[in-house]
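Read the single chain below, which is given as structure tokens and is the form predicted alone.
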């Protein structure tokens, strides 16, 4: 029930932010639409811990800030490579075991790798990750990385 209430609040706030007009009719329409979408989501059984990972708490916001910095640094690195006259790329694949213990943790880690310019998660399961990198250094940087440690801390609450 807590997840349904959380979903309702998020949907209503999203409606109000996009609306920009706060007349009684539009607020009522927002409440009605958010209630309907929440009810429909519960009927479809999509209101679950993966869809609303409250267990991550405030740590996910700290992680997002850290990830934004990593994305910025990687963007500069990729721009430098692309603008270099000799285009010094060395496409590489690496396999490694990630330290996450849950599917949610592995998904966050794989998506974070893909969001970071120059790297792409190709395959992810409980046993291993397969990552493609624009350069060998970029690909190897995913093995035993700070990102792996950050996601594990996030998922385990440390």
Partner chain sequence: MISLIDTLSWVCLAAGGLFAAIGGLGLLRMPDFFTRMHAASLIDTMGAGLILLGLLLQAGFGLVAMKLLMLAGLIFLSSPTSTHALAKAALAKGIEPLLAKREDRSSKP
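Numbering follows the first chain given and starts at 1. Computed from a prediction, not measured in an experiment: that's the story for all the values here.
Although not depicted, the form predicted in complex with its partner chain is the subject of the following passage.
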query: Every residue of 76, 83 and 134 near its partner chain in the predicted complex, heavy atom within 4.5 Å; finding: yes
query: Any non-hydrogen atom of residue 90 within 4.5 angstroms of its partner chain in the predicted complex; finding: yes
query: Contact flag, residue 60 vs its partner chain in the predicted complex, heavy atom cut 4.5 Å; finding: no
query: Interface membership of residue 146, its partner chain in the predicted complex, 4.5 Å heavy atom rule; finding: no
query: Interface membership of residue 99, its partner chain in the predicted complex, 4.5 Å heavy atom rule; finding: no
